[in-house]
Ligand code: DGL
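In the form predicted alone, a lone chain appears below as structure tokens.
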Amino acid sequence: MADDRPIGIFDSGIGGLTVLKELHLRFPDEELVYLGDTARVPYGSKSKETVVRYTRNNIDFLEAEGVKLVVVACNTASAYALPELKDHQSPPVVGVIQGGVEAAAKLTGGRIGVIGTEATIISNVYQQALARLSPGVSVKARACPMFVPLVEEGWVDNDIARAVAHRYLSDLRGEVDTLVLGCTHYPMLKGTIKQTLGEGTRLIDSAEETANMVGQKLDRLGMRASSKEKPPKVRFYVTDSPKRSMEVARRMLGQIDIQEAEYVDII
């Protein structure tokens, strides 16, 4: 049977809109509800206990919106909160880390790079997951904190973006055969990153791999939506700065129709 309830997505900010975009492209019959916790971003500077509490808040909000599945489009929440919530997942939850790790382990020739925010890289979550899945592979991790503001300004393919990418990544050229984009903002910079590293490096897009996992879970649970003549509504909520969030969303989402960023208080 079809399940026409929406899919919920949340991030500590709005980088997870790359995941929403990929889900919209892959599953055009699915209604989507996005929550950006912009009042409490970034999660990376918070304690594990705080991140777990925020994640529960976000899931509770999305559950009240009637979602059938929640996508945690936040690396910090995926790393810290999902293990704590694994026995209390109603609705089902998909994180943003495992798909990228599995794809990298499958495709690499043995030399993997991981880029992310400082908090994600310091947490070692990708490094540890790759070591468990593919013991013996070489993993080079690199924090690229300036990539997030570049994406939010829309500077993804200009001289500034290329200079920053060169500064962060030029020494990885020829050193890694596979690079995991370990932040949901980073897919917006794929062209610039690819130019820096060269054609010999395969990029693992966290948004694409998360969408793959969502599709597998929908099929396994029999939760696909019924076919529709018109694209279903995409709802966009934020906990602070709706005007600014909407400006960034338009740059990130292109032709996807979102009417407004609606402020909500979930605390």
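A quick note: this is a predicted structure, and the numbers were derived from the prediction, not measured. When you see a residue number, it is the position in the sequence shown, counting from 1.
We do not show the form predicted in complex with this ligand, though everything after this point is about it.
In summary, among the residues 33, 41, 223, 214, the only one with a non-hydrogen atom within 4.5 Å of this ligand in the predicted complex is 41. Figure note: of the listed segments 155 to 163, 130 to 138, 101 to 109, 116 to 124, the one touching this ligand in the predicted complex, with heavy atoms no more than 4.5 Å away, is 116 to 124. At a distance threshold of 4.5 angstroms between non-hydrogen atoms, residue 188 is out of contact with this ligand in the predicted complex. At a distance threshold of 4.5 angstroms between non-hydrogen atoms, residue 183 is in contact with this ligand in the predicted complex. In the predicted complex, no heavy atom of residue 197 sits within 4.5 Å of this ligand.
In the predicted complex, this ligand lies within 4.5 Å of some heavy atom of residue 148. Of the residues in 1 to 37, those that come within 4.5 Å of this ligand in the predicted complex through at least one heavy atom are, in sequence order, 11, 12.
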